[in-house]
Each structure stands twice: as C-alpha cells, then as structure tokens.
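This document starts with one chain, in the form predicted on its own, laid out as structure tokens.
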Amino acid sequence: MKKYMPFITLGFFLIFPMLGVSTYVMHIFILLLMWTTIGMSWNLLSGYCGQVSFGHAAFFGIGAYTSGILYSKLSMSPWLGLPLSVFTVGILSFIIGLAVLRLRGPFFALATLASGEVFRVTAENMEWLTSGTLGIMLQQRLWVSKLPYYYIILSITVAVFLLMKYLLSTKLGYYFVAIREDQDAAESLGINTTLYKTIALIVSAVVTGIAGAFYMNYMGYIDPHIVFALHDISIITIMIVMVGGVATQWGPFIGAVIMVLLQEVVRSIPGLGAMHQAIFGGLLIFIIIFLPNGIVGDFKKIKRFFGLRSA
C-alpha cells in the first residue's frame, strides 16, 4: 500500500476539481500545493543537507518580482517569470551562497535571515524598478477560473516531488546527508562540502523562486511586505516541514495540510485572527517537545499512543 501511495494521492488531486467543489475550496488546495512545493525545497537544504535557512522569503520574493517586473516594466507575460526565475534566483542564490555558506549552525541561519531582510528593504527603496511599497498589480488576469492555476501548481508540485526523489536517490543525496551528520567527517572523506552545499542551496532557492513566480500570477498583486515577509513566508515554511517531518518524503505535504487548514480556521473564528502567531508558536513548541521528528517521522510513536499496531 505504501508503494502505491504517490499514485493514489496524485489520482485524487487529478480528479478533485471534477467533484464540483467551490472556488474557495479550490483556493485552499492551490495554496496547499504551493506550500508543499516550498516545503520540499526547504527540506532539501535544511532537512537533508542540514543547512537551516531562515531566509527562503528572499528566494520567494525574487521569483515573484521576476514575474512582476516582466509585466510592469517590460509589458511581457508574467508567466514568463516561471522559467526566467530559474536564472534570476539561481544567480542571486549563488551570490548569497558565496557569503552565507562560509558560516555554520546559528550563524548560517542568522545570515540567511538577514539576506531576506536585505532584499525586502531593497525592494522597498528601488521604486523605479519594484514600485516600492505600492507593489505591483496585474491589471489583466489570463484566467478567471481557478482550474488552470490548480493544474499548473499541481504540475509544478509533482515535478518537484519527482526531482527531490531523484536527487536524494543519487550520490548527491548521500553527500547531503553526510554533510548534515558531520561536515568535518565528510570533508575528511574527500567530499567537497562547499560545492554540495551550494548545489543544495541553488536547487532549493530555484524551486522556491518558481513558487514565488506562480504566486504573483495567481494572486495578481505583490509588495515587499508580502513576498519578503519573515513570518508569513520563511517561518511558515520552517513550521510546515517541522510539523510534517524534517528529512521525510511526505513531511512537507502533511505539514502543509495542517498549516494551511489551521490558518483558515484561525481566520474564520472572530477574535482569533490577531492571535495566529501565538497559536502557531504553541503548535511548534508542542511538536518540538512531543514529536521532534514531526508527524511523519514520529508516526509510529503516534500509533503507539492511540494503541494502534502495524499490520
């Protein structure tokens, strides 16, 4: 059954729009798939390679502004931002990596956090290019229906899932895990840790940038406080993976389901909207204490707690 789970899940998502669901439910599923994609990208760099990033908002924002600037300044289709963000995010993440990958542990995390803030402040002040805090809005949308957006992000999510599965099955995946477990030992075995950390960073950044470019096309509006947001992008990404399960194949998906649904529940209850950060913080504390490996990583512990036994 476990072997067929990816096919069962894909089949469900393919036929889901045919069930006559509302546009609101379609919106939730689009966000779910987008966050799953971002979670998988973070999981590669931080879960498997051990380089904990607090700056994925930088890559998300770069991808979003790639699409937005193509539309607002060059009068081109913002959808060209998806392939073009591969180059823009790839180049900028390589430059970021030259600085931050020299650091380890909390110093690396702080450096990535700072990089996200640098790009946010830069986007605010480069009004001639980014329109500053006014943001960029798409005056015309390619589709009114959510169906095309749903299948586009589904295709991206499936492609990223297969890419991650492939990378982790090659020697790259073993090198990433070796660096995570003990970077000094990996170097003593002849592994070029700087090279492979850079590869992990670029791949993770590019995937996040593609998600950012999709967000621009789907939502139709961005500004620096939205796409470079520390809490709403970087921290939520970390929580998605930690709740679902760090360094697990299905962790980002499970975490995205929980976090997206929790966000919607919090928004729907009057008076709780302002407390969402406290609620998310409480959830994270609970996970760290009782399920340090996330729901997927500690699934056997959960089954034992409820008195369930494996077949």
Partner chain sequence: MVQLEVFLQTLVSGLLLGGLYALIGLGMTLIMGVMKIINLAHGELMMVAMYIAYWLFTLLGIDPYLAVFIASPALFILGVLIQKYLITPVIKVESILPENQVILTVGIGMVLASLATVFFKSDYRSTPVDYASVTWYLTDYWANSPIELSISLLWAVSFFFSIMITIAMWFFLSRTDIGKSIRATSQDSDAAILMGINVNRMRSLSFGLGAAIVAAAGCLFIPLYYLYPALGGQFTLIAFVITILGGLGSNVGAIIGGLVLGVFESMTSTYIGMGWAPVGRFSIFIAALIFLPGGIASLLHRRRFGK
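Residue numbers count along the first chain shown, from 1. Model, not experiment: these values are computed from the prediction.
Heads up, the form predicted in complex with the partner chain isn't pictured, but that's what we're talking about next.
Engineer: Choose one stretch from 158-166, 116-124, 195-203, 78-86: the one whose residues place a heavy atom within 4.5 angstroms of the partner chain in the predicted complex.
Structural biologist: Only one stretch passes the 4.5 Å heavy-atom test: 116-124.
Engineer: Heavy atom within 4.5 Å of the partner chain in the predicted complex: which of Met40, Ile62, Leu33, Met242?
Structural biologist: It is Met242.
Engineer: Since exactly one of Tyr151, Phe94, Phe107, Tyr174 fits, which has a heavy atom within 4.5 Å of the partner chain in the predicted complex?
Structural biologist: Exactly one residue meets the criterion: Phe107.
Engineer: Counting only heavy atoms and a 4.5 Å cut-off, does the partner chain in the predicted complex sit next to every one of Ile69, Leu147 and Ile210?
Structural biologist: No, the candidate spot makes no contact with the partner chain.
Engineer: Wondering, does Gly55 line up within 4.5 Å of the partner chain in the predicted complex on heavy atoms?
Structural biologist: Result no; Gly55 lies far from the partner chain in the predicted complex.
Engineer: Does the 4.5 Å heavy atom contact test between His231 and the partner chain in the predicted complex come out positive?
Structural biologist: It does: once the partner chain is placed as it appears in the predicted complex, His231 has a heavy atom within 4.5 Å of it.
Engineer: Whether Ile191 contacts the partner chain in the predicted complex should be assessed with a 4.5 Å heavy atom distance threshold; does it?
Structural biologist: No, Ile191 stays farther than 4.5 Å from the partner chain in the predicted complex.
Engineer: Though only this chain appears here, would Leu14 touch the partner chain in the predicted complex if you measure heavy atom gaps against 4.5 Å?
Structural biologist: The answer is no: Leu14 has no heavy atom within 4.5 Å of the partner chain.
Engineer: Can you name the residues of 283-300 that have a heavy atom within 4.5 Å of the partner chain in the predicted complex?
Structural biologist: Residues within 4.5 Å: Leu284, Ile285, Ile288, Ile289, Pro292, Asn293.
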